[in-house]
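One chain follows as C-alpha cells, the form predicted alone.
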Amino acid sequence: MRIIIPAFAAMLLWSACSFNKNDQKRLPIYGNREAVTKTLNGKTVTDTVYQTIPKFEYVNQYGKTITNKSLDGSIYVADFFFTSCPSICPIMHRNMLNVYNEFKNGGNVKILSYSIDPSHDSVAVLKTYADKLGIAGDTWWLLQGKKEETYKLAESYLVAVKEDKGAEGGYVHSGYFVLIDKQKRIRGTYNGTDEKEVSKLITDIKTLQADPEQSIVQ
C-alpha cells in the first residue's frame, strides 16, 4: 500500500482564511459550492451552499449503529483504514491518538475511522483493534459497513480509496485526516502520517470550536 494524492483534489475550491469583526481566525471551507438565489421578505438574496457529507449508516466497534445524525452537534475528524494494513495505517492511528487524548474528555469532538475492508474488519476485530490502541468510550468510533458505500462516501470526504491486489496489503488509500464542522462541511485535510500536520489539526479543531458559527445548534 502507498500514500496517494486524493483523487478529488482537483475538486477543492479553497476559500481564504477570513476574520470576523473580532479578528477571530476562521478556517477555510473545502469542496464544491453553488450560489442559490431565493426571495426573502420580498427581496432577492443569494446564498452560498457548500458541499456537505451525505447520510450514512455504519456499525461501530461496540456493535452500535452510527449514522450522520450521531454527529449532530459535534465537530469530527474522519479517516479511512483497515486493521490488517501493513504500512501507513499504524502510523496514522498512533498520530490520531494525540487527537483522541486531547479531546476525549469533552468539547464535542469525535473521531470516525471507516474500514475499507469490512469482510475482514468485523465488529469483534474492530473492538480488538480499539483495545490495542487503548481507546474506549464514544470519542473514537471504528466503523464497518458495505464496501461499495464506503468507497462512494470517501469521495464526499475528497479522499481516494480502492482495492488493488497488487498493492501492499491489497488496498490503496490516502492517509489524510479530514476535519468536518457541525454543518457537515469539510474544513481541513491533514497528512495523518506527519506529526506536524496532526499538531496543526489539533490547533485547527480548537480554532473551529471558537468559531461563533459552531455554537449554532444543528
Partner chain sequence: MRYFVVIALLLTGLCALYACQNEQEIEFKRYFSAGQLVYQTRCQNCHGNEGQGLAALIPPLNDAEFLRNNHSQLVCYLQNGLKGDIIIHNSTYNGHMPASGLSPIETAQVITYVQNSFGNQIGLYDLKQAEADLKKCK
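For clarity, every value in this text was computed on a predicted model and none was experimentally measured. Residue numbers count along the first chain shown, from 1.
The following text describes the form predicted in complex with the partner chain, which does not appear among the structures shown.
> Quick one: in the predicted bound form, does every one of 73, 104 and 107 get a heavy atom within 4.5 Å of the partner chain?
Zero of three within 4.5 Å in the predicted bound form.
> Considering only heavy atoms, tell me if residue 146 and the partner chain come within 4.5 Å of each other in the predicted bound form.
No, residue 146 stays farther than 4.5 Å from the partner chain in the predicted bound form.
> Indicate whether the partner chain has at least one heavy atom within 4.5 Å of a heavy atom of residue 94 in the predicted bound form.
Within the cut-off, so yes.
> Does residue 137 reach the partner chain in the predicted bound form if we count a contact as any heavy atom within 4.5 Å?
Residue 137 lies outside the contact set for the partner chain.
> I'd like to check something about residue 87: if you look in the predicted bound form, is any of its heavy atoms closer than or equal to 4.5 Å to a heavy atom of the partner chain?
Within the cut-off, so yes.
> For 132-148: residues with a non-hydrogen atom within 4.5 angstroms of the partner chain in the predicted bound form?
Going through 132-148 in order - heavy atoms within 4.5 Å of the partner chain in the predicted bound form - the hits are 132, 133.
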